[in-house]
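Given as structure tokens, the chain that follows is alone and in the form predicted alone.
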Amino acid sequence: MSARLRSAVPAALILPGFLLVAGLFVWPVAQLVATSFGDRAGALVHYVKIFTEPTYLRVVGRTLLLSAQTAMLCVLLGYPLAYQLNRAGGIGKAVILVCILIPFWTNLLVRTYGWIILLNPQGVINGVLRQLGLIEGAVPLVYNTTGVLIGMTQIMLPYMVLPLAAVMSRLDPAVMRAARSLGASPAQAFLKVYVPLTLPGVLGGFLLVFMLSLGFFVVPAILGGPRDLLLAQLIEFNINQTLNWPFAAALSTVLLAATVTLYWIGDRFFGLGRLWGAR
């Protein structure tokens, strides 16, 4: 009897969390997917509309393109930052972490409206450029795709830097010393040894940022223009404006399926789950 009780303890500990996830996530998602197939005109009518009508195809394509651009910018900006974070000493590492984490902990709306102050035609950035004589009028940096990319990149950058720095910290420094001892220059050792060893972390971070960027709503809604409609905004429009809930559910299901597929690809081929310690 005691052996049976001991074997039941793990299940008893897991049960509350399982019920919570099932009730607050699995069941609502199942209802969402069921709603997307519940139209009288046909079960797949909304999915056919999404993938055949040019208007919705443009929204899907724009969402994918902006997410990929954001992920690429995060790689270009995050790789040298993660490299320096890994090489810095105690004080330098603390300063870099503070610069990364304080914006990361700041409210999303505050950060987004802060970019309006910086990017608007009469804002700080245009003012500095005019003072330097680089421009005469104003550079359009907000309420367009440029503003969306700047805002999304700033918000998503920690999701690239921190996992990539963790991957870099696990590399054996003796590998670089061995490359140098065999005649490689510092640049050759970095490009031919260090970068290939960190490439799985780069690819995993790219997919992580790309996945999270697919569902962005606040930044495109505030910093974007009328031509920068993304998938999350289209879902919100069909829920609150047109009240077309089955179509909104179909859009949400497509977004969910894309995110799950990307996560599976990242975990299966690039070890995405290991970026935060999973085995």
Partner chain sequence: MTGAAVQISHLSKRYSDFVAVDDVSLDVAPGEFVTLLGLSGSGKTTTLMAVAGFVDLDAGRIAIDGRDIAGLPPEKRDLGVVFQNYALFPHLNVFENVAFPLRMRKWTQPAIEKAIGRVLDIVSLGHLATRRIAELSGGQQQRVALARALVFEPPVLLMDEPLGALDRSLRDQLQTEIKRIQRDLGVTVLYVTHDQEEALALSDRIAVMAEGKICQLATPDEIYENPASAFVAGFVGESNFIDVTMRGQDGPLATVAPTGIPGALFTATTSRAAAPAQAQAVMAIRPEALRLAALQDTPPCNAIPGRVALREFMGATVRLTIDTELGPMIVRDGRVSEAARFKAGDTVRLSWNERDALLFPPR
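Residue numbers count along the first chain shown, from 1. Note that the coordinates shown come from a computational prediction; the quantities given were computed from them, not determined experimentally.
There is another form of the same protein, the form predicted in complex with the partner chain; it is not shown, and what comes next is about it.
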Item to check | Stretch in contact in the predicted bound form with the partner chain, which is absent here, among 136-144, 201-209, 149-157, 170-178 (heavy atoms within 4.5 Å) | outcome: 170-178
Next on the checklist: Please determine whether L132 contacts the partner chain in the predicted bound form, using a 4.5 Å cut-off between heavy atoms.
Outcome noted: no
Next on the checklist: Taking the partner chain as it sits in the predicted bound form, is N120 in contact with it (heavy atom to heavy atom, 4.5 Å or less)?
Outcome noted: no
Next on the checklist: Is A166 part of the interface with the partner chain in the predicted bound form - any heavy atom within 4.5 Å?
Outcome noted: no
Next on the checklist: Quick check on V98: any heavy atom within 4.5 Å of the partner chain in the predicted bound form?
Outcome noted: no
Next on the checklist: Between M72, L197, L108, A88, only one gets a heavy atom within 4.5 angstroms of the partner chain in the predicted bound form; which residue is that?
Outcome noted: L197
Checklist entry - Considering I125, L77, V193, I116, which brings a non-hydrogen atom within 4.5 Å of the partner chain in the predicted bound form? => result V193
Next on the checklist: Residue by residue through 25-43, which ones have a non-hydrogen atom no more than 4.5 angstroms from the partner chain in the predicted bound form?
Outcome noted: none
